[in-house]
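There is one chain below, alone, in structure tokens, taken in the form predicted alone.
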Amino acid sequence: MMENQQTLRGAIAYNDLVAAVGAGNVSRNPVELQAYLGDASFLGMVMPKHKLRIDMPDFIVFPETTEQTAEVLRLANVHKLPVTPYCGGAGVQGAAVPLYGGIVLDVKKMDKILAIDETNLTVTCQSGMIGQTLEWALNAKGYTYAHIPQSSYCSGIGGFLAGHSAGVLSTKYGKIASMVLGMEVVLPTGRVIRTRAVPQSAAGPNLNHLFIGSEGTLGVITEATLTIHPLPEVRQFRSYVFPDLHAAFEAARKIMRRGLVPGTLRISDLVESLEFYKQDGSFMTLSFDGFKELVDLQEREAMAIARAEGGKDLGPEPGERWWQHRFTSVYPKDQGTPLDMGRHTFNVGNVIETAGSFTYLEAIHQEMGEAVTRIPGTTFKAHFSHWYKTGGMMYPYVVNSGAASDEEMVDRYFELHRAAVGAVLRLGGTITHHHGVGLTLRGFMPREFGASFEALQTIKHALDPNNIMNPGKLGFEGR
């Protein structure tokens, strides 16, 4: 009897959704439901192929407008169905895994550029637009929005915003949060709000930043206005190898302190430098872009700093080669990645990135490396690729090959994170710089926020009284 009631409720919900968005925009096809079980994270991509079950979503819904999105969320409240927003699925922390089934709301049909304002240097687009598609459209007019993460070809603007993304040019142009002027958001109740697309405002808190990084737990971002830039006249690279990691850090610190603005600045530790760049020491590559005279000046200043810290000049070629292959970067496709290894064996891998001061970066590199390699079968290497005047971020690859079963593989995954993030919290860094929280780091959010996490929970309860929006993510409770 209960099963029949559930089936009837499902049929009613399905037909309500069809009435809202059209039959072609709602799927309950088992193959499509299976395809939306996860994202590119270890938990979301690897585990469905092993023995640990993830609840199948009930429906995949593809709204084409903000109004349809609002109606879907209204119906989700009526039927008490969880909603997992989906925008490309390239996240590595499990934020797009539909942990409690329900509706996966894929915004990929909301993929239009609404306006390019060449006078005021802005672009307004829907959130389902793939990042590289937007970049190509801007390039054709002589502009860039300068947000170029490795997932540029498969992630959408809404995913970048919801995940607080950073691209390879963030040292100069900032993370995605720095590029947003205004947004349109559908709240969990179905109400639509819009923030003003202005350069700055003192009219209270900036609501854009409430939804940036919220991972779909506070609403669905449907539209954004972003800053754009004229394409640079030149982009020049220079690479160096330093005697050790400390010398490379000192060069980076002094480059940022000097007021130079590199587009890219990447430092590899000794393991990664030797393994991927065949350099005995700490490898650095950096670039400057803009008009020629300014680029030449900045490059000369950076070269002087690098030489003073013992850097050996390797010329432009290593950096140019890295730029050409930046979407495969450290792990070429023919070698695979830690996640690729996990899909086919009992290996476990993730990038457990963090950010903090220059002092912190040196300390966390040593302490995290020691913490994770105490777990048998673990390897650790890192690079540092997003910088600020006050510090930067570490991007470590942590891989473990010691698991003997599916269950132990998952246990090892969380064991690695407890060891790594424990070191982060002890030293005062942040648990994530740009990969977000998702399922992987959800348990660390109360320690990251401290007493203020209660305030965040209060906002969640006020905006989402029925807890339909991506439950179980960002440290919030599940169903």
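Numbering starts at 1 and follows the sequence shown. This one's a predicted model, so the numbers in the text were calculated from it and none came from an experiment.
What comes next is about the form predicted in complex with a small molecule, which is not displayed.
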Report whether all of Gly91, Ser165 and Asn470 sit within 4.5 Å of the small molecule in the predicted complex, measuring from non-hydrogen atoms. yes
Please identify, from 196-204, 374-382, 239-247, 95-103, the stretch that has a heavy atom within 4.5 Å of the small molecule in the predicted complex. 95-103
Answer with yes or no whether Met394 is in contact with the small molecule in the predicted complex, where contact means some heavy atom within 4.5 Å. no
Although the partner isn't part of this model, could you tell me whether Leu439 comes within 4.5 Å of the small molecule in the predicted complex, counting any heavy atom of the residue? no
Consider Gln150 of the chain shown here, and say whether it contacts the small molecule in the predicted complex, taking contact as heavy atoms within 4.5 Å. yes
With heavy atoms only and a cut-off of 4.5 Å, decide whether Ile212 touches the small molecule in the predicted complex. no
